[in-house]
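What follows is one chain in structure tokens, specifically the form predicted alone.
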Amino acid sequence: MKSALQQLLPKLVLAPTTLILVVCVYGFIGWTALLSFTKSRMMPQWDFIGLDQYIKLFDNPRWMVALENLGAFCFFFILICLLLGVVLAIFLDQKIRSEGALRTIYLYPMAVSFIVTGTAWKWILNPGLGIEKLIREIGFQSFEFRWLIDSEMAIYTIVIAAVWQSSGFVMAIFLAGLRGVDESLINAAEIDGAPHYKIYTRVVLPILRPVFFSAIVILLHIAIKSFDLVQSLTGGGPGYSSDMPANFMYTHAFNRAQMGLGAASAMVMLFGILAVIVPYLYSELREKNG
């Protein structure tokens, strides 16, 4: 009896969590998938129309702008975060003084929500409040920095804020990787007379390939799901020039009462995330089993 209870107890403890996960995650994913095949507007309508919502979605110029913005955002966001993260990690790996304090400073932005980050950078980049006003008060009256209200440059203000938020996290990942590299390899390279920068570029960084892959996957996941940062920083504007897929989905599903179209955009985003995560999980499992 006691043995049976001991076997049953873990299942009873995990049952509520499992039920909530199934209903609130996978259940709502299934619900959203069903809605994407209907002509639902403000309320669900169960008249199935096949792939019409997906066709309508990719015929929508605002969705195509959102996809283009996502591509630009992903490229610059990931590239700059990786470069800054690697440089900062190498800098801290030199066992400098006050490493703990510097590490905390670099990591601090990750403790701030994207809403707070977006609001702060909205003040900083506002021509009437932030950088432009400050530089003009110093005496450079012709200075202009109006990316926030420029439809061509607004997306890059989101990149600036996102890099500030996430580069410290990437630094922490690479610093952990650097601390795990076998020091005998570095010592051997130093004995051979290799310059310091070549030790990192030829020996250390190639060993950290899995860390690069993990960082890219995490950053892609952050980029695809980005909503609150865009909403608080630009609101998708000017117009819809800085819209991202998550903002498109929210606007059409809740503000414009086009639930079917919003559901279709949500499913496209889900497939985008799965296209990143599934190969990553497959490679991880293959390495462990191989």
Partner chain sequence: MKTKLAVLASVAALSSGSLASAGEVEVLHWWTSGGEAASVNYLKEKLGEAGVSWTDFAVAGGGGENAMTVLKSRAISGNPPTAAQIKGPSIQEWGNLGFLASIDSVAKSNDWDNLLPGVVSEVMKYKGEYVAAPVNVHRVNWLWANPEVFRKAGATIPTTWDDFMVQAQKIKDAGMIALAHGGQAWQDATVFEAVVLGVGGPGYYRKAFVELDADAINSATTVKVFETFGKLRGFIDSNSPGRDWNVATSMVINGEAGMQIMGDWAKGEFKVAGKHVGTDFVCVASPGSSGSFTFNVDSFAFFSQSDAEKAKAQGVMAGEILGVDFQRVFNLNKGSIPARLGMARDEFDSCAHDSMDAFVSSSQTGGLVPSFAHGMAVSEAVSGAIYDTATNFFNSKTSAKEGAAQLVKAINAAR
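As the structure is a prediction and not an experimental result, all values here were calculated from the model. Positions refer to the first chain, counted from 1.
Same protein, other form: the form predicted together with the partner chain, not shown, and the subject of what follows.
A residue is said to contact a partner when one of its heavy atoms sits within 4.5 Å of a partner heavy atom; P127 meets this definition for the partner chain in the predicted complex. The closest heavy atom approach of R146 to the partner chain in the predicted complex falls within 4.5 Å.
The partner chain in the predicted complex is approached by P44, whose closest heavy atom lies within 4.5 angstroms of it. Taking the partner from the other structure, the partner chain in the predicted complex has no heavy atom within 4.5 Å of any heavy atom of T201. Proximity to the partner chain in the predicted complex, defined as a heavy atom within 4.5 Å, singles out one entry of T32, Q258, S226, T38, which is Q258. Note that among 66-74, 218-226, 250-258, 22-30, the stretch whose heavy atoms approach the partner chain to within 4.5 Å in the predicted complex is 250-258. Residues of 222-249 lying near the partner chain in the predicted complex, listed in sequence order, are P238, G239, Y240, the criterion being any heavy atom within 4.5 Å.
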